[in-house]
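Subsequent text provides structure tokens for two forms of one protein chain, presented individually as structure 1 and structure 2.
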Structure 1
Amino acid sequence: MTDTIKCAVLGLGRLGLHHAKSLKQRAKHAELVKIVDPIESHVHQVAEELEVPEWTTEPDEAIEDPSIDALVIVTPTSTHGDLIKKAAKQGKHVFVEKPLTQTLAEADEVIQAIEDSGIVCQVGFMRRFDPAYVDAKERIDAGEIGEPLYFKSITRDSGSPPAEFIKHSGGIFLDCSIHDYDIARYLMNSEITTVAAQGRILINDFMKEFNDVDQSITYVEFASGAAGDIEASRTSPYGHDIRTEVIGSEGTVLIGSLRQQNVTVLNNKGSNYEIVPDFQTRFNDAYFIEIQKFVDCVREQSAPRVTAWDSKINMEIALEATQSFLAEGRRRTVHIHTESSL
């Protein structure tokens, strides 16, 4: 077991910066030794603020650095496949934000490279590490609600990303609902076998250009015989809202709350409380825990909770949902011929 894992973070957007801070300030047995971002002024500034000894604008410098054990990849999705394959060739362990790649064919190439090299590769589906979801998973597995029968989930963002992001996002099913597909498989302990999806543009007309929508619903069926529905929205006017329910034969488990803090103000105008503003705030703990678990997996050479196989399965579900939406909600079969870490 390696005592300290020397890490580099590739990509310093909002989430990449969050991971860099976790590795530098909180993670045990991890050392952040290099950061990478294409904007020189930004990466230089972050290096000074976090006191990271080395920085560069070139990802290959981190990938080929023999002193680095692991890479945290938070770059555009179009770059994931190439970077992971290069990392695998150099024997570098990888944490990569979802999705694994842009296509299933490229995912197969990446998975083969991971398996050939023997590296640890964990994909960033953070809900599996969120304390509330972890608690719910343990209760479901312990039989507290009996047999899971129905899954309900909502992911509502307070506003739409800009057009340039939507253009490259892959659409609402791949960008947003993929998190719900993953946690549905995990909590229900069963693979999704069929999907039927619909969506509409309610506010953001610019999405028409990209065949995307700002409101969607996916009906899913599981191999176990269970079913579910998954809502995704980019039109929530009141804040960020992620909640999940699993209905069982003997009870129900509810996960998530709108509250940012457990404080309610009462006055002559009524009552109110502060709502979670964004996904970084809602999953702040989960983002740290998943990075810590990645470091632990690298040290112990153990399988991560979310594998590249899981990411490919989630991608296939999302792509089939997209095709269902484009076919006006026609039911689609998900052909799962992979391993998973359910």
Structure 2
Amino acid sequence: MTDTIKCAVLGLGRLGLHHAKSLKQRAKHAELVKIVDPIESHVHQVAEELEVPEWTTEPDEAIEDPSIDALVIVTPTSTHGDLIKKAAKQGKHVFVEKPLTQTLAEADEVIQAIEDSGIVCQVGFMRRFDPAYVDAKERIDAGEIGEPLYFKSITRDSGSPPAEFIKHSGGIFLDCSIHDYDIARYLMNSEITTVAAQGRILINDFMKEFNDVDQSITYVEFASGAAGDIEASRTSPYGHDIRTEVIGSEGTVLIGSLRQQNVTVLNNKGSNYEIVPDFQTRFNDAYFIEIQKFVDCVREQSAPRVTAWDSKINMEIALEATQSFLAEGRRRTVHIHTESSL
């Protein structure tokens, strides 16, 4: 077993910086040796702050560096496919943020490259590592709520990312609801077979240019006979709100709360508590655990909990949801061309 995995992080934006800090400050058996971002002043500054020995504005310098074992790709979604294929060619293990790619054709090319090279590739569906979701999964699998019948999920982001991000994101279903499609399949132990999606711009008019919306709903049906609904919003004025419910034949499981800390203040104006402000705060533990598990998988050469194949299924659902939205909510069948891991 390799003792220390030498890593490089590509992309130091909202999430890349978080992953770089996890690797540098918390992960065991990992060493952050290089960081990459095209914005020179930024990558230089982060390298100094985190005391990372090497930095560059050129992704190829990390991909082709023989001293590096693994790449953590946190770049705009439109760049994922190319970077993974290049990494696989160099035999570098890959952690890549969701979604895997933007098109199924590119996902197939990426999967082929992973198979040909034998690298470990884990995709960033961090809810599968979040302690609350993990606990819920164990309880559902143990039969505590009977047969899962209905899945309900809310993903409300405290505000929209900038236009440049939306442009490369693939839209609200591929970028945002894909987290819910993934965790729905995982918790319900069943594949999604049909989707019907609708959405509307409530605040962010600039999204018209990208055929995108800032509020949406996907109605889903599962192979098991279960059903569900998934709300996504980029307009939450009060904070980052992630809640899921799985209703079963003998009970229900509720996951998530709005509280940042388990502290409530009572005074003559009433009661209040602090609300989770952003995704980095809500999923701080999950982001660290998923990165640690990736490092462990590379050391052990074992299969990750979320594979590229799983991620392609999530894309198949998201892309059908996008087509349904464009067809004003018409119900669409999800054709899964990948072997299910459930």
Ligand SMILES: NC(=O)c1ccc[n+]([C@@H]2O[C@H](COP(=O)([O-])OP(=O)(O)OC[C@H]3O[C@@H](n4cnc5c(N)ncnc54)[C@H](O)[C@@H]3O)[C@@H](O)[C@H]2O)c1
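One-based numbering along structure 1's sequence throughout. Here the rigid core means the biggest group of C-alpha atoms that line up within 1.5 Å when the two forms are laid on top of each other. Small disclaimer: the values here were computed from a predicted structure and weren't measured.
Enquirer: Of structures 1 and 2, which one represents the form predicted together with this ligand?
Expert: The form predicted together with this ligand is the one given as structure 2; the other form is structure 1.
Enquirer: Is the shift of residue 247 between the two structures large enough to count as movement, that is, does its C-alpha move by 2 Å or more after the core is superposed?
Expert: It does not, since the residue 247 C-alpha is displaced less than 2 Å between the two structures after the core fit.
Enquirer: Rigid core aligned, does the Cα position of residue 165 differ by 2 Å or more between the two structures?
Expert: The answer is yes; the displacement is at least 2 Å.
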